[in-house]
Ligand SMILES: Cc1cc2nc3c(=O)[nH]c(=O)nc-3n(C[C@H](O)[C@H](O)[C@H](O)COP(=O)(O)OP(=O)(O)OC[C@H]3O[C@@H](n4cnc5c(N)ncnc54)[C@H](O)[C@@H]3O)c2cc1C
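Below sits a lone chain in structure tokens, taken as the form predicted on its own.
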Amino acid sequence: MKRVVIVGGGYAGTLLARALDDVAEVRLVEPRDRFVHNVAAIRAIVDPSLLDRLIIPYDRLLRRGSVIQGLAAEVGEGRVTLADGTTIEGDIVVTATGSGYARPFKPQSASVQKFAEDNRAAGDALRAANSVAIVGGGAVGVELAGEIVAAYPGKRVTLLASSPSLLPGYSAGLSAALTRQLMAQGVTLRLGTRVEGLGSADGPLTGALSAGGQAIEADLIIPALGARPVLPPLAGGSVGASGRLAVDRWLRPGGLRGVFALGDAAGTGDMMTIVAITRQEPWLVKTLKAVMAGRAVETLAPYTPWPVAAIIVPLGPKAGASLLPVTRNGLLVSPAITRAVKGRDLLIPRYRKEFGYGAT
């Protein structure tokens, strides 16, 4: 049985580990002791009761394989070396190191407890604020605005972004649908405007802020300026123009034959979303099974990204809009479908079940 070492216990790494658990000797390397379902971390700011459910132990993830708590210091052909000097050998190595984000949306360190504390602190600050300014018009900023107005209808929420429309990089129809809903919910949008005076982008803060030369009054400022790829410590490989790891048509970093990459850190041509992982993971599972059976990678079909940038964007439990990758140009769907797919429970029951902890 072939040995597969996966570096990174986020969405991509755990999905791949589960899929290969019955056909390979899987070792999943992850510095944290618990999985953080950060998709639900946005709503947890307004509903802290979700925190205990979105943080899930790894101990029931794999039936045959194992999860090794440790920090990868070097990744190379046939091996992963940990920070403590331990070497884990594998016939195939996969990097799935994901991406980082500002507090309180993703962990800033290996401490899951610190993540929970940051999220609760942001929730406390939000409850005390009468007005909130969100800086960033991407998915996190848009979702956060929707969650705040749904939970606290009386709060004044202003969403500011330098981009001329919401969700740059996605379809104009999706942006327009989200814009209409946010404005109907009372969110003030300041788009195409440069924000000045933002002292830090690492987490919620207070202070003065201006946009386009005009002062913005807000008791609380929450930066939401986008995800940052977390690059693996590769012995080889290079970074592409997008800041993500450059890979070949079979998702291998430059010059490496038995090392593959997927997820947010890999320059696959997809956007950094869970929707993208749902295309990458099945392809990689099929490819790795063929490789383990003796096929040369170059004889297999290369990876092709989604033909359209797809994403699911709830605005609280009931509203939102999504672009699904079911046609060549994508299918823009209603708030009702967005609610059913993600907005109602933020996929918490699904991930708890997949990790062996049941839906509740």
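We number the residues from 1 along the sequence you see. Note that the coordinates shown come from a computational prediction; the quantities given were computed from them, not determined experimentally.
Missing here is the form predicted together with the named molecule; even so, the following discussion is about that form.
At the 4.5 Å heavy atom threshold, is residue 16 in contact with the named molecule in the predicted complex?
Output for residue 16 is no: heavy atoms all beyond 4.5 Å of the named molecule.
So in the predicted complex, is the named molecule close enough to residue 273 to count as touching (4.5 Å, heavy atoms)?
The answer is yes: residue 273 has a heavy atom within 4.5 Å of the named molecule.
Considering non-hydrogen atoms and a 4.5 Å limit, does the named molecule approach residue 71 in the predicted complex?
Looking in the predicted complex, residue contacts with the named molecule include residue 71, since a heavy atom lies within 4.5 Å.
Can residue 56 be called a contact residue for the named molecule in the predicted complex at 4.5 Å between heavy atoms?
Answer no; every heavy atom of residue 56 is more than 4.5 Å from the named molecule in the predicted complex.
Considering 152, 250, 283, 101, which brings a non-hydrogen atom within 4.5 Å of the named molecule in the predicted complex?
So the residue touching the named molecule in the predicted complex, by this definition, is 101.
Just to confirm, with a 4.5 Å cut-off on non-hydrogen atoms, which of 235, 191, 230, 239 contacts the named molecule in the predicted complex?
Here the answer is residue option 230.
Looking at heavy atoms inside 4.5 Å, which stretch does the named molecule contact in the predicted complex, given the options 23 to 31, 318 to 326, 46 to 54, 292 to 300?
It is 23 to 31 that comes within 4.5 Å of the partner.
Hey, which residues along 9 to 23 are within 4.5 angstroms of the named molecule in the predicted complex, non-hydrogen atoms only?
Going through 9 to 23 in order - heavy atoms within 4.5 Å of the named molecule in the predicted complex - the hits are 9, 10, 11, 12, 13.
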